[in-house]
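Listed next as structure tokens is one chain, alone, in the form predicted alone.
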């Protein structure tokens, strides 16, 4: 083992001695710098202490209101200011949404997530989404929504409707955020998460990697998530999907192993969270996805679309899990 690797391991051990929490950026970065076999081993140990290592949660994401968003998120094809070919639509009718939820359940999904391209919904929008939540809950599925920024009363209304999870990603480290988004402050995102927690709804919160950030900035994102009190129950780690017409369309590719390292440190720092492979799976290929599962990912978005971008098809996901000897949540084979 080289001197750099020895130093990285020593830095991790020192950080762990100093405090179990909070996680400093330096401690997370030191984890990321470990030799990959060591990092993967540590992630697997934590994963096995908290989950069945062969089980993967299937969640389906449906865009119930697409496009026309006034924000300037540099990665997003739904921003009205970018010419990406995405047309703005109205909120879907309840019957359409419930039909999609029923199909997702039949295909093996246990959580149904509804996304709407709003900066912040109006109260009348919350009433309509609450109706959708109640309908999906009646099918026996977990529910999740991502609707933009919420006020406290809106979060409580969704909680009263039975919403299980609210997704509101931090997207990046605080110091990198301003390079990606200027129409919303980082604190706005933290405020929404606070309203969701106060209402008693579980938090789904993660970020996007591959937007041009440094390894230290990826570590800072993970530290920010891990130091939320409590940390999110669900942590989606998205790989940038480069969409023509957005400012990040020509962003250089992230090294796939750097993505795997990000998954591993998310697992280690947030032991009981569902760490989800989200956007960008189509470009990863089976080998990288398999490494992510070994690094502690245990949830995927399942289905052919993620809001407006392609996702591996359902049968491909089932086939991959079969090759790996893994299975969907609640479907453990009898031996």
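Keep in mind that what you see is a predicted model, and the values were worked out from it rather than measured. Positions refer to the first chain, counted from 1.
What follows is about the form predicted together with S-adenosylmethionine, which we do not show.
A heavy atom within 4.5 Å of S-adenosylmethionine in the predicted bound form is found for exactly one of 225, 240, 201, 133: 240. Though S-adenosylmethionine is absent from this view, in the predicted bound form it lies within 4.5 Å of a heavy atom of just one residue from 262, 234, 78, 143, which is 78. S-adenosylmethionine is not drawn, but in the predicted bound form it has a heavy atom within 4.5 Å of residue 116.
Under a 4.5 angstroms non-hydrogen atom cutoff, S-adenosylmethionine in the predicted bound form has residue 208 among its neighbouring residues. When contacts are judged by a 4.5 Å heavy atom cut-off, residue 295 does not count as touching S-adenosylmethionine in the predicted bound form.
None of the heavy atoms of residue 164 is located within 4.5 Å of S-adenosylmethionine in the predicted bound form. Here the marked residues 175, 212 and 216 all miss S-adenosylmethionine in the predicted bound form; none has a heavy atom within 4.5 angstroms.
With the partner left out here, S-adenosylmethionine still marks one of 69-77, 102-110, 153-161, 134-142 in the predicted bound form; by a 4.5 Å heavy atom cut-off that stretch is 69-77. Annotation for 120-154: interface residues with S-adenosylmethionine in the predicted bound form are 146, 147, 148 [heavy atom within 4.5 Å].
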